[in-house]
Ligand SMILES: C[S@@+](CC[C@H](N)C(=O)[O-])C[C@H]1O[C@@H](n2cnc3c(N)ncnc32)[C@H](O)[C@@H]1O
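Read the single chain below, which is given as structure tokens and is the form predicted on its own.
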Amino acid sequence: MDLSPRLQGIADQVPAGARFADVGTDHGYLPVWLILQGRIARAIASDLRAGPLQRARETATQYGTADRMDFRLCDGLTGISPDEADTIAIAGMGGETIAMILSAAPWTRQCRLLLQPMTAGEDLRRWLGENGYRIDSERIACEGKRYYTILSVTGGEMPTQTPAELWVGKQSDDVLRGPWLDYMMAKVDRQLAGHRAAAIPDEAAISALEEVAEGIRTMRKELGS
């Protein structure tokens, strides 16, 4: 079994022997791969919908790992208890949804969280910093023309984040950092263009986005030097 770059970026950060839960597991590729590689002994795969959870069961059956997995039909972490997991992946959802899941499970501050927001990464970073979580590192993955960031998070105090860092994370030596900054800069530029073209421009939003854009440009220059 081969994982997509996005899922591989998560899998690479799961500690050996972890008590692992995959929230929003969909096809179950991530926990199945980790078991096949001998990284973990068992896994919990959960999903809000019966269809994706059934697909995860089928994947596990196909690869012979079904007897080492628990399948939970539940909303977020509501069907998983604190003593069952110390490493939790929440991937493929919007940043606001991830924040809602964590807000309902404050015990996750004692866990290693691997979070991959599809949208609203800036909202998720802000929420984490305001609610007792710390981003230890970020990894970037690329699939086709789209880039993704994977946040490795634990409980603790978050250093102050600048507006640009809320959007793109802290500077790092990730080989995809440059393309990631360019990708996010284009996103900021699109939002700025939309605001400026509005019949009644939102000057506060424009000013905030301009500050983000300037911060990203500074990061790009630092990275280039």
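In case it trips you up, residue 1 is the first one in the sequence shown, and so on. The structure presented is a predicted model; accordingly, all values stated were derived computationally and were not measured.
Here the subject shifts to the form predicted in complex with this ligand, a form of this protein not shown in this document.
Peer 1: Counting non-hydrogen atoms within 4.5 angstroms of this ligand in the model of the complex, say which of Ala85, Ala91, Leu124, Val153 makes the cut.
Peer 2: That would be Ala91.
Peer 1: Just to confirm, with a 4.5 Å cut-off on non-hydrogen atoms, which of Arg39, Arg42, His27, His195 contacts this ligand in the model of the complex?
Peer 2: Filtering the options by heavy-atom distance leaves His27.
Peer 1: Within 4.5 Å of this ligand in the model of the complex - does that hold for a heavy atom of every one of Arg6, Val23 and Arg49?
Peer 2: Answer is yes for this spot.
Peer 1: Taking heavy atoms only, is Gly76 within 4.5 angstroms of this ligand in the model of the complex?
Peer 2: Contact with this ligand, yes.
Peer 1: Would you classify Ile101 as touching this ligand in the model of the complex, given a 4.5 Å non-hydrogen atom cut-off?
Peer 2: The answer is yes: Ile101 has a heavy atom within 4.5 Å of this ligand.
Peer 1: Have a look at 92 to 100, 145 to 153, 132 to 140, 105 to 113 and name the one stretch with heavy atoms inside 4.5 Å of this ligand in the model of the complex.
Peer 2: Single hit among the candidates: 92 to 100.
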